[in-house]
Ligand code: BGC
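Shown next as structure tokens: one chain only, the form predicted on its own.
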């Protein structure tokens, strides 16, 4: 079985009857379902015609969000009263496969997953021609939640740095709000999405490229900054800002595969399959087939009996940190469903359509 078919099989075999995807079946800390990871997994399935499996995931998220409607309204009320809300009270980033919260220490307050699932739902509905009606309440609740709390510091997509506001997170939030506005016919959400894009252009750019944290002097980049354009489309793939950002990411983080960020020590700061696939996705969209193919070949070389791990040691590996995590948690997660999903997306080549149309801007660039 080739890696494409193996990837589809691994994903489908690890979807619960509830619709949730387990992040990694063989890694204890990842035996849950993330909205962010799951959305890209579902998107990959939609690209390969597995629409029923993708729909089951979005219906699972729909139930998770709607069941927390009272909690979301209570959070909005507390914000309106000027109350300081502790992280523990916000919605979680991961759930059990039956949709329950996980009661163990984790970086739970993350906004990117709620924006990402709205983006992915829109892609699912576009690709399948299905109606938005059954999702309206969950879209509204998610959009109100994001509109209220987008400026708050929260954990990034790697469950780190909760004291910061993250450019990649803001991009996911903006994309989700834009989708919500279009789905519900509510200009207020589209206006907020444009406001966030303009906020990034003012506070998330240094020396001509995007940076990891907004309102900071640091020039640090993170490979998740690719998401700002692909797939969230705040700037077009061939814009100077995105080209400069990709150049900086490659300069700082590309070996055989792509690392997360320079000071990363999680499993030694290895090279991530899913991020390497993301870079291939970008090169597919700008028409650089040679670079895309080289990155895809590197991914295929990392396959272990048809399984793709989360990351592999690279040339810049911190060996002491790698040893620490291996002793603490065992080998890096494998298979990681998100890795397989991003490989499938990269393989799909130029067929992906991103939400880059009609963003507009209120500031001069």
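On a predicted model such as this, the values are computed, not experimentally measured, just so you know. Positions refer to the first chain, counted from 1.
Beyond what is shown, the protein has a form predicted in complex with the named molecule; the following relates to that form.
Enquirer: Looking at heavy atoms inside 4.5 Å, which stretch does the named molecule contact in the predicted bound form, given the options 152-160, 199-207, 122-130, 234-242?
Expert: The contacting stretch here is 152-160.
Enquirer: Can any non-hydrogen atom of residue 23 be found within 4.5 angstroms of the named molecule in the predicted bound form?
Expert: Contact check for residue 23: yes, within 4.5 Å of the named molecule in the predicted bound form.
Enquirer: With a 4.5 Å heavy atom cut-off, would you call residue 30 a contact of the named molecule in the predicted bound form?
Expert: Within the cut-off, so yes.
Enquirer: According to a 4.5 angstroms non-hydrogen atom cut-off, is residue 145 in contact with the named molecule in the predicted bound form?
Expert: Result no; residue 145 lies far from the named molecule in the predicted bound form.
Enquirer: Taking any heavy atom pair closer than or equal to 4.5 Å as contact, tell me whether residue 260 reaches the named molecule in the predicted bound form.
Expert: Contact check for residue 260: yes, within 4.5 Å of the named molecule in the predicted bound form.
Enquirer: State the residue from 283, 140, 266, 109 whose non-hydrogen atoms include one within 4.5 Å of the named molecule in the predicted bound form.
Expert: Spelling it out, the residue with a heavy atom inside the cut-off is 266.
Enquirer: Only one of 307, 318, 46, 310 gets a heavy atom within 4.5 Å of the named molecule in the predicted bound form. Which one?
Expert: Exactly one residue meets the criterion: 310.
Enquirer: Give, in sequence order, every residue of 15-49 that has a heavy atom within 4.5 Å of the named molecule in the predicted bound form, or say none if there are no such residues.
Expert: 23, 30, 34, 36, 37, in sequence order.
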